[in-house]
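Below you'll find only one chain, the form predicted alone, shown as structure tokens.
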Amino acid sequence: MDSTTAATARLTPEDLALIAQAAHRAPSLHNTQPWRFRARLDGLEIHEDTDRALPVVDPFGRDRLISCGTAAYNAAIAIGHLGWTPQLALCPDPGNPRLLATVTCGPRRRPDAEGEQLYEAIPHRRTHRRVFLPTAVDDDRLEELRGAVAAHGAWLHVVDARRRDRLADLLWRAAREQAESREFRREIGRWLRETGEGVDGVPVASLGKAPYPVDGLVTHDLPLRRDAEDWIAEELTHSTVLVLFTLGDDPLDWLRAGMALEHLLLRATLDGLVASFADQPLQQTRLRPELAAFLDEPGHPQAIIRIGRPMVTVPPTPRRPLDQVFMN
């Protein structure tokens, strides 16, 4: 192995653009892209952008930090692709809480096969907000996904058939509460984009006509009945439902959850799978302990993910130009 270390790393502008572009392709809550980047000679700083906060949907910034964790993971994968050992520090400066991560170059190394595969998956990953084919993820693939999140100190709960109805009820209750909030619907509406419009947010073309949770966002009127519709539980059978857990529940845990989540999503992409999120119960803070309790898990749920195969393809979500993301 080359003995060159981070102390002598000097990345070119092209290298830095490649790292930043990979980080910028990460998923984020309603594609808000809540990060800012600062270039270093040896890597990239990732800062929280609170101007892109969603105070109704995400009042504590948990989803925002999970989003920034996904960006940090992609930056680390890109540094590995360039032939350096990625070194990542989370919340490195207590005096600057908006600096969430530094991703820098360690010793030189040859890119490894798995890292190269994950790097190639970055531009192909999509959040699938449409209908799934009625298939389940096989056990071998699930073990790969478990291994991906375990690398970051997280774990997965695979929701089985006997808990599916309970989860459907929880999804329905959370969706109703959000749909009945004018402030919530207004905030979501600000991040929906017509075709060809904008450089952030969720394109309407990524959504279908089916009601929640098939399309993943509360954008349609819900019926007045209080009980969950049978089709919600039925729709959940068309995919494998995973819940991502961490032992702790502070900003560091949220960032690590984001890294685990992106590792899982890239791994799934390599297997020809797509993912969507059903995080409404986690955005209703009082429902998070209820979810952990009926799943009989000791930790804190950070993401509810549906994994499966798509019935239709969806377009990529837009991204802001990089020059709008970099800090001076």
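Not measured: the values here are computed from a predicted model. Don't overthink the numbering: it's just position in the shown sequence, from 1.
Not pictured, yet referred to below: the form predicted in complex with a small molecule.
Contact between A292 and the small molecule in the predicted bound form is not found at the 4.5 Å heavy atom cutoff. The closest non-hydrogen atom of L287 lies beyond 4.5 Å of the small molecule in the predicted bound form. When contacts are judged by a 4.5 Å heavy atom cut-off, Q283 counts as touching the small molecule in the predicted bound form.
Using a 4.5 angstroms limit between non-hydrogen atoms, H263 is distant from the small molecule in the predicted bound form. For the marked spot (R38, A72 and M259), a heavy atom within 4.5 Å of the small molecule in the predicted bound form is absent from each of the three residues. Just one listed stretch, out of 29 to 37, 42 to 50, 292 to 300, 266 to 274, contacts the small molecule in the predicted bound form at the 4.5 Å heavy atom level, and that stretch is 29 to 37. Comment: the small molecule is not present in this chain, but in the predicted bound form one of L145, L171, V202, A76 has a heavy atom within 4.5 Å of it, namely V202. Here is the short version: of R126, R193, H152, R141, the single residue with a heavy atom within 4.5 Å of the small molecule in the predicted bound form is R126.
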